[in-house]
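In structure tokens, the next block holds one chain alone, the form predicted on its own.
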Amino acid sequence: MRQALIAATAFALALATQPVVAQNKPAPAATAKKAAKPAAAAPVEEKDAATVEFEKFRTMMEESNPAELFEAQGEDFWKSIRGPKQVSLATSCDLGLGVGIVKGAYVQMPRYFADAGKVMDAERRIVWCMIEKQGFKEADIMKQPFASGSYTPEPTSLVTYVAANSKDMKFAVPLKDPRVKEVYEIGREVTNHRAGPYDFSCNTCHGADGKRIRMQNLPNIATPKGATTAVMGWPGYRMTGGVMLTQQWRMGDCFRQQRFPQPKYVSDTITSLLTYMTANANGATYKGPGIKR
């Protein structure tokens, strides 16, 4: 499974320039015997003016985050009797902590689910429950899985509701589970796999500190700090489009930006990447659905 996934996928989160790395010149012979100076501390990442202003604006926006509207809609979807089987997710869907329990579930996923025989992230699990428990057709859900214009898919609102119920809790992907650990390692290898017309991997843009593209800083997803930046604020309300989007969308759009075939919605490939990034953020406090540019 691992080799098939790695060979079939390549991933890049944005176009990036290589960072400029200062090279230390060798000391002249005359001063070679002088005591070595302490190594310089790593440079502190400087935020440009546009980033600082946007962060101020986002802080103000999050006080009345439009994501709350989608959260409320998601709660209604979760509790209502729906679908061909006429059941509610609240009485049938187990997100890993027991049927109907949403409190704290989001930050403990991706995780392994025995009834599905797979490791699943939150959105994938919700879609699985809609199909298996409520009887919705997979083909109908797959037709338009992401928000566009005034349309918001039901799974997006449901993920927003579930995520909001983990706000201020710490990420805790269960890496002690060998099945989760295996998917994590697949995700790590996918981030290193170069392919596509640009011969990119996700680490082309997100494998080192200090990279950026245009006005966007590119976090190093291999580090706890960078991974936290990458997963924080999803699902997020995107101000430029006025729509609610999830990490499933973000991952798929990264493939599009690379001009590479996009993976299937709620696929093994996306789950492996989300397992890798989220587990690298373990211990960080989730701040809830956020605001995106």
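Heads up: residue numbers just count along the shown sequence, starting at 1. Keep in mind that what you see is a predicted model, and the values were worked out from it rather than measured.
The following text describes the form predicted together with a small molecule, which does not appear among the structures shown.
- The small molecule is not shown here, but in the model of the complex it comes within 4.5 Å of a heavy atom of residue 200.
- Among residues of the shown chain, residue 281 is not one whose heavy atoms approach the small molecule to within 4.5 Å in the model of the complex.
- Proximity of residue 216 to the small molecule in the model of the complex: non-hydrogen atoms within 4.5 Å are present.
- The small molecule in the model of the complex is approached by residue 229, whose closest heavy atom lies within 4.5 angstroms of it.
- Of the candidate stretches 203-211, 171-179, 146-154, 85-93, only 203-211 has residues with heavy atoms within 4.5 Å of the small molecule in the model of the complex.
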